[in-house]
Structures are given as C-alpha cells and as structure tokens.
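Okay, here we've got a single chain as structure tokens, the form predicted alone, with questions on binding and movement later.
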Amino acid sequence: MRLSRSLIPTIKETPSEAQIASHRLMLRAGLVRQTASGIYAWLPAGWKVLQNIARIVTEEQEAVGAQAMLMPTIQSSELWKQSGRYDAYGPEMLRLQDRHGRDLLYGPTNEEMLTDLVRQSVNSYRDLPQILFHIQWKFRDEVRPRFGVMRGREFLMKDAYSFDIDYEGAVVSYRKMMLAYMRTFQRLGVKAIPMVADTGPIGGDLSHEFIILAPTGESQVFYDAAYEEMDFTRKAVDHENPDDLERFFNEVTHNYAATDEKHDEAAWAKVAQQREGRGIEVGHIFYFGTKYSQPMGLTVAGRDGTPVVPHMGSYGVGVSRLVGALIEAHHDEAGIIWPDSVAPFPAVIINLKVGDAGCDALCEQAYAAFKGRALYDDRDMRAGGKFADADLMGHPWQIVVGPRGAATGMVELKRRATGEKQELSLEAALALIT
C-alpha cells in the first residue's frame, strides 16, 4: 500500500478525549475513529490488525477441534426468556422491537442462541462432544464507555460454546480451550496468565480469566514467576488425549495467580518467586453445567436411551479489546511497537528523496518484493515527518532508502522494537524480514 494513496490519517497532537496510551495511539496512528459514544469505525490499518488477531484466534480454536460458524447479531427475546436472563441481564442489553412489535435484542453473548441451535440439531450422545465458535460483533450498553476500544459499547468478540454428555467430558473441553487460549496469546506476542475468576452474569462454577501484563493495566495482579518461563506453542500436548490435557492444565493452574479481588495473602506468602504488576483482562472461560440446557429443554438420548441434559461451557476472547491491550503492552513515547504476528504491515519503506531516480527505483524494487503487503511511504515531505510517522504506526521493520545508499543498492534497516539499525543490501534486508 502506498501511503500517499492510503487512508491512514496520522495526527501529531494528543486527542483530548484519550485517557490511556492505547486510545491515544490508536487515534494518532489512524487506526480508528469514533462515530458515537463507545462505537468506532476501523480504518484500513486498524482493520488489518483486527483481521490478523482474528486469524490467529481462529487457527488456535480450530487446532483443538472447535468448529467455526456465524450467528446473527440480532436475537429473539423469547430465547432469553426461556433461560431466565432477559430481565436479569440488566440495562447493558440493548432491547428493541421490529415493525410487528416483536421484542428483539442486540446480542451481548450467545449461550441461548447456540443452545437452541444444538437443540434443533443434536439428538444423541453419539453427536457429542461439540465445540462451536464464531467471531462476531457484540453490543453492551456501558454506562460510561471509556478507554477507546478497551471499554466500548460495540466490540468484536470470539465466543465459543461446548456441549458434552457429562461433567467429565465438559472438563476435557474446558482444558482444550485453556490450551487454545494460552497458545493464542503467546502467538500474539504477549504473556497472558489464567486466574480463577467470578462467573458474573454468565453463570457457572469453574471459571478463569486471562490477564495480559501491562504497566497501565486496570487490575493489580499477583503471580508466580514460573508463568514468565512457560512456552505453549512448542509444548507437546495432544488435545485429543485427556491425560495430556490434565497434565497441561495442572501445570498451568497450580502456580499462584490472582487479581486484587481474589488475592489470598496466606497462599501468596508461600510463593517463592513473587511477582506483582498490572494487568488487562482479554479473555474469560466458563463451565456452567446445565444452567442453560436445562431450562431451555435441551436433551439428547443417553447411552441407555434415557434423556440426558448436556453440560455446557462458554469461552470468550475480546478480539477488538486485544488491539488496545497489545498496544498497552507494547509501546513507547514515540508510538506503537507491533508484534510481528499482528502488525498491519510487516515493514514500511521510507523514500528519503522522492523523485530521485535511484531512490525511486530501489523503493519500487523493495515494494514489489512484498507484493503489496508492505507500506511504501512515497509522500513528498521531510524525512523527519516520515520517521515520526513510522515510529508512531509501529511497523516492525523500517527500510530507509536515501540517495547515497541507493547508488550502491544499500538501505538502512531499523528494527522498531529495539531501535537497532544496520546498513546492508536490499536483498539482505528482505531476507532478514521474511
């Protein structure tokens, strides 16, 4: 993408409405623009980040056997009345009526809808277990939306739902999701710690929330330093083997981890490698048994032919919230520092003298090598402004082309995360980046 033709409206000034770093930098870097209170339009660069996160989330869900689908944003109130949550959920639910006076709602979550879909489609224990997920926009009418996409009213969320014939099966599904989440966050370039959590309006009696460590986090967290050394992407865990999953789950959860709300001073005193910090919640998983399947009449034929009420769980990841959380965890005074896995562009090509034949030719050669995936700063402006925008937007790599280097086919390569610079041939620079 050529920056001169792109809708990436960077701004120098700090927006007055931005209270935290991620909100400030998302506005300044041209990722989003607010269209109403707590509601944002995602501009091209921001949309690329959102898609990259969603892709990683999807890949790790499918890797443990979850099936992708898509449910509508608008739901019938009748399903929520069957579960008993229509009146209990509170004013955060956006309620509306169609032209025929039928009560509808903009879904804040999908337990009821998917229970109904499974009720229509699954008849026997042989059809279980099932884990289904989608990535869809949600709406919760926050009293005071703030912090940009971190606490907005409309947000993109991955929500998954498991259905098992009994408690033992439900625990296996829960552990699969725990594994998928730990791998997801590691691929996103952040350290996420699972902490025992309250279940809230979702309900249930087994629950963990996932906290990303970030200096500007909303919660005080206490954790065992062992979490800092865990590697999940290369961990040999067979998600189809319940014994493997149990060993993995015990390894992950036996170390101390708690938010300030759940902090146990007596247990904390026994932790040898104590760490404290701030954290941001980006995911939450629940087991809630028959809380929804029972009142909604979901039954399947058991092994002996008698009706059995399936056990359920739900598993959420805030995809749009993750964009803000990643920035909170990865930024400096100059701007965003994107992890390679989610950056909107792997590199920016900076032409220091647009119109110079050598610079133009070498930049075009570099741009062609990326097949349109890189950002080419071909604007006719001073170098200082280009460097400032490159740091602000957080591209993992910067390829800087000036007249002196272009004459010999050399470029300056800068790594955004470390600030390290080196002069080398374009071919060598491309090899390092790819």
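Throughout, we count residues from 1 along the sequence that is shown. This one's a predicted model, so the numbers in the text were calculated from it and none came from an experiment. Here the rigid core means the biggest group of C-alpha atoms that line up within 1.5 Å when the two forms are laid on top of each other.
Just so you know, the form predicted together with adenosine-5'-triphosphate (ATP) exists too; it's not on screen, but the next bit is about it.
Colleague: Under a 4.5 angstroms heavy atom criterion, identify the one residue in 339, 129, 358, 316 near adenosine-5'-triphosphate (ATP) in the predicted bound form.
Modeller: So the residue touching adenosine-5'-triphosphate (ATP) in the predicted bound form, by this definition, is 316.
Colleague: Scan 125, 155, 227, 249 and let me know which has any heavy atom within 4.5 Å of adenosine-5'-triphosphate (ATP) in the predicted bound form.
Modeller: Selected residue: 155.
Colleague: Though only this chain appears here, would residue 332 touch adenosine-5'-triphosphate (ATP) in the predicted bound form if you measure heavy atom gaps against 4.5 Å?
Modeller: No - in the predicted bound form, heavy atoms of residue 332 and adenosine-5'-triphosphate (ATP) never come within 4.5 Å of each other.
Colleague: Test of understanding: in the predicted bound form, would residue 194 fall inside 4.5 Å of adenosine-5'-triphosphate (ATP) by heavy atoms?
Modeller: Residue 194: no, not in contact with adenosine-5'-triphosphate (ATP) in the predicted bound form.
Colleague: Would you check, heavy atoms only and a 4.5 Å threshold, whether residue 150 touches adenosine-5'-triphosphate (ATP) in the predicted bound form?
Modeller: Judged by the heavy-atom cut-off of 4.5 Å, residue 150 is in contact with adenosine-5'-triphosphate (ATP) in the predicted bound form.
Colleague: Spell out, yes or no, whether the shortest heavy atom distance between residue 160 and adenosine-5'-triphosphate (ATP) in the predicted bound form is within 4.5 Å.
Modeller: Judged by the heavy-atom cut-off of 4.5 Å, residue 160 is well away from adenosine-5'-triphosphate (ATP) in the predicted bound form.
Colleague: Can you tell me which of 168 to 176, 139 to 147, 97 to 105, 299 to 307 lies within 4.5 Å of adenosine-5'-triphosphate (ATP) in the predicted bound form, counting heavy atoms only?
Modeller: Going through the listed ranges, the match is 139 to 147.
Colleague: Does anything in 276 to 302 come within 4.5 Å of adenosine-5'-triphosphate (ATP) in the predicted bound form by heavy atoms, and if so which residues, in order?
Modeller: Sequence-ordered list: 281, 282, 283, 284.
Colleague: Superposing on the rigid core, is the CA of residue 218 displaced by 2 Å or more between the shown form and the other one?
Modeller: The answer is yes, as the C-alpha of residue 218 shifts between the shown form and the other one by 2 Å or more after core alignment.
Colleague: Just say closer or farther for the C-alpha distance from residue 288 to residue 260 in the predicted bound form, relative to the shown form; it changes by 3 Å or more.
Modeller: Closer in the predicted bound form, by 3 Å or more.
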